[in-house]
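Shown here is one chain on its own, the form predicted alone, set out as structure tokens.
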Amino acid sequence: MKSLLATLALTTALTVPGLAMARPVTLTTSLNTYGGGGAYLALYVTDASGAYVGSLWMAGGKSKYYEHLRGWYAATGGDPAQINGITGASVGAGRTLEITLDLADALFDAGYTLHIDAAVEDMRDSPNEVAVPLTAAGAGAPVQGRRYIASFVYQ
């Protein structure tokens, strides 16, 4: 329930007052079988100019590893307040993270990009593992990651 409230607060803050319509969106991230420990993943949004807008989800609970999620960390200064209530366990190799969030309609077809940074202990960090524009046409189209993510899709 905390994650839903935090996400609603984020998405509501991103809409123009009076137009605060949201829809449930399922984000599915499937990892490759890369032979390492669980991956930390940061899912966050930037606007058309590349400025950080907000965090959607953090997979991995130990804040000492957040600095390895370099894009997210640079955008937020590693501020744990950005992810309070929207965290879960790290995601094991070959596994899938599926979360459903209410995202503001104003995020789609308006120049926003969803980013996923990934990091695995004793392996290379992968900032901007996935960067996908949030568009209605892109819903349901799988995107391949650069290193750890086999596919990402939102619907």
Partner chain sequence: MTSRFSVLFTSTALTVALGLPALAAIQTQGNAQGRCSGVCAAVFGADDLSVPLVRVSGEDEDDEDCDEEEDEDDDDACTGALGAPAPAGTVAPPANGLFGNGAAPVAVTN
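Positions refer to the first chain, counted from 1. Computed from a prediction, not measured in an experiment: that's the story for all the values here.
Just so it is clear, the following notes concern the form predicted together with the partner chain, a form of the same protein that is not shown.
Residue contact check for residue 99: one or more of its heavy atoms lie within 4.5 Å of the partner chain in the model of the complex.
Using a 4.5 angstroms limit between non-hydrogen atoms, residue 54 touches the partner chain in the model of the complex. The partner chain in the model of the complex comes within 4.5 Å of no heavy atom belonging to residue 130. In the model of the complex, the partner chain sits beyond 4.5 Å of every heavy atom of residue 126. Taking a 4.5 Å heavy atom cutoff to the partner chain in the model of the complex, the contacting residues in 77 to 92 are 77, 78, 79, 80, 81, 82, 83, 84, 85, 86, 87, 89, 90, 91.
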